[in-house]
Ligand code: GLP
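There is one chain below, alone, in structure tokens, taken in the form predicted alone.
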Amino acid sequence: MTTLFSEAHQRERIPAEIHASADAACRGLAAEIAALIRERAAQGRHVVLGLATGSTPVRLYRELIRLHREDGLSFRNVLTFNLDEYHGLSREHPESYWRFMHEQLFNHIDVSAENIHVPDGTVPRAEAFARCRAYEEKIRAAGGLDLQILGIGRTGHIGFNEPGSGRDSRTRLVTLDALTRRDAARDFLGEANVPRHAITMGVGTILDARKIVLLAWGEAKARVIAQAVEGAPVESLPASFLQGHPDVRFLLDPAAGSELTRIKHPWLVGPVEWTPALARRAVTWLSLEVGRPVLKLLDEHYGEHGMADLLTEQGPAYNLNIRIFNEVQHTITGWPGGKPNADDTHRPERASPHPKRVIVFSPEPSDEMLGMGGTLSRLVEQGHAVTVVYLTSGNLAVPDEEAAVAADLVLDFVNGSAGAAATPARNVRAALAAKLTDPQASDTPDTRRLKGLLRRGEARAALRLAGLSEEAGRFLDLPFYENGRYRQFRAGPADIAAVAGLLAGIKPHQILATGEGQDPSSVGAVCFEVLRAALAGFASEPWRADCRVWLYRTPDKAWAAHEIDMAVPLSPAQLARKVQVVYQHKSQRSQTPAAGPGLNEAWQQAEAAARDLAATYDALGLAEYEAIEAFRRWLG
């Protein structure tokens, strides 16, 4: 955990603690909550907790459950008030927050049912105002909130207080922001199914709590965290109003804290140790900040941007510029698997052995094409033995309407046959029809299987177009995904064993993977942790010592220039093929959050990200390419 209130924190208006991991942060907070509960119990008093939903606090709830089961922590003197609830959902709906809280916490501890309070999402709109006022009265009657737990959305919302919410707003019915609904689309199997309204505590209600702790994990939250902590309080960023609270702090993992000035640009807030990596970060940032290529930076540019001491240590500017320019230039290669019989002194990947055995891990089908579709084709063209491993089936991300089309195709193909081939398709069609009248229904096994087969077909089509054989694709269907739900995944020994078995069989020279730095509960992050655990089991194996691991990212999580160890340029034709490859994953159209104006489709995001990176390299003074895919070497 970082030390607070040092010179490096001078820009921060809210104490922000960066912990080694989300689990570490939650263990510390759970211990604080346990101490408060026990102290109040000894005094014969109750504790009032404000609780949040979503994937962020799940690890906290798991630790509280563990303390209850293993350390005897009792919750009989605890009253809880939840932040929010979707409007229009019954308590039994799979995505209702009432159900979420019971599944994730209340069913596993000894809190009394009468002490649990969650806004009623079924209240008629005409009665919502009165019911929200009554919710506020219940909080006041309980003595107010002792501790409020918060998460934060990408719009900066806390609870469902979307941009535009006032500092003094109270519990009320609100309309959800389009980005909030898009982020929830996968949970509801399509954006059209996400409720448009919710009931939420107001910003003023939250600020009334005696203590507030906001939790945030993963790089997707980094930018909004930095804005909330360092920017001025504004209605367009409701979390920024927390700055006015006398006892508030943010608990972050390294990825969520990565945009804070002391982490991203530490030279702007105090003295630093100018390591080679930090020097490269600073110089590439300076080049983009002042709009001049690296080789054209002058002494005054360094001095005006807090980097005079870098020149003193490693200057003059001319020499420093050349060094950093060469470092960035050496990341560029058209041979992602290494160029055979070539001097690889300044190449990202070694020349031998050639060809290499390469494994590309994709958390869900399409991730690999989105992040490195052009590079994948190049590896195949250059003779490497490439295996693409789809770690999960991806069936949870298939909208019902896509499954209905697939089922109809099967029924049309068998021409109304009553045979065994038609039975599963008819079962799926009936199950999907039932879901229209019963939104609480989950997918049947046949429906999940059909959705998984649909994504397999799309993946195989994409592999063929990318130049690979269908046999190059391996589908592991890891159990954590088949048995879980979005935001609530937990991997186990069976998942690790499946990946370890595959690694042992192939003994790769090169691995390409994604997921590091994502929200710990996301599919990508869980898959990466499974891979990490599997690789750890081969630490003493000779093949592991000879295997390099490269990380790629999907378009919404692009690498910054200083993070890149290998940049693979794409020609116009290669970029066009990548777009067509991504387009084969038709069930995923509009299933990913928009990365910018007009970028609603996955293929548009992939194309824009690759072009943007090429433009960045061009701005740094490197060669001008059509597009670039980037990788960072993982040292484990």
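The first residue of the shown sequence is 1; numbering continues from there. Given the structure is predicted, the values throughout are model-derived calculations rather than measurements.
Another form exists, predicted in complex with this ligand; not displayed. Remarks below refer to it.
- Proximity to this ligand in the model of the complex, defined as a heavy atom within 4.5 Å, singles out one entry of G218, G151, P399, G338, which is G151.
- This chain is drawn without this ligand; in the model of the complex, the residue among Y135, Y97, F241, W550 with a heavy atom within 4.5 Å of it is Y97.
- Here the chain stands by itself, but in the model of the complex one stretch of 158-166, 291-299, 138-146, 342-350, 158-166, has heavy atoms within 4.5 Å of this ligand.
- A residue is said to contact a partner when one of its heavy atoms sits within 4.5 Å of a partner heavy atom; P569 fails this definition for this ligand in the model of the complex, lying far away.
- This ligand in the model of the complex is not approached by D443, whose heavy atoms all lie more than 4.5 angstroms from it.
- Proximity of S55 to this ligand in the model of the complex: non-hydrogen atoms within 4.5 Å are present.
- This ligand in the model of the complex comes within 4.5 Å of no heavy atom belonging to D253.
- Along 80-105, residues L83, D84, Y97 each place a heavy atom within 4.5 Å of this ligand in the model of the complex.
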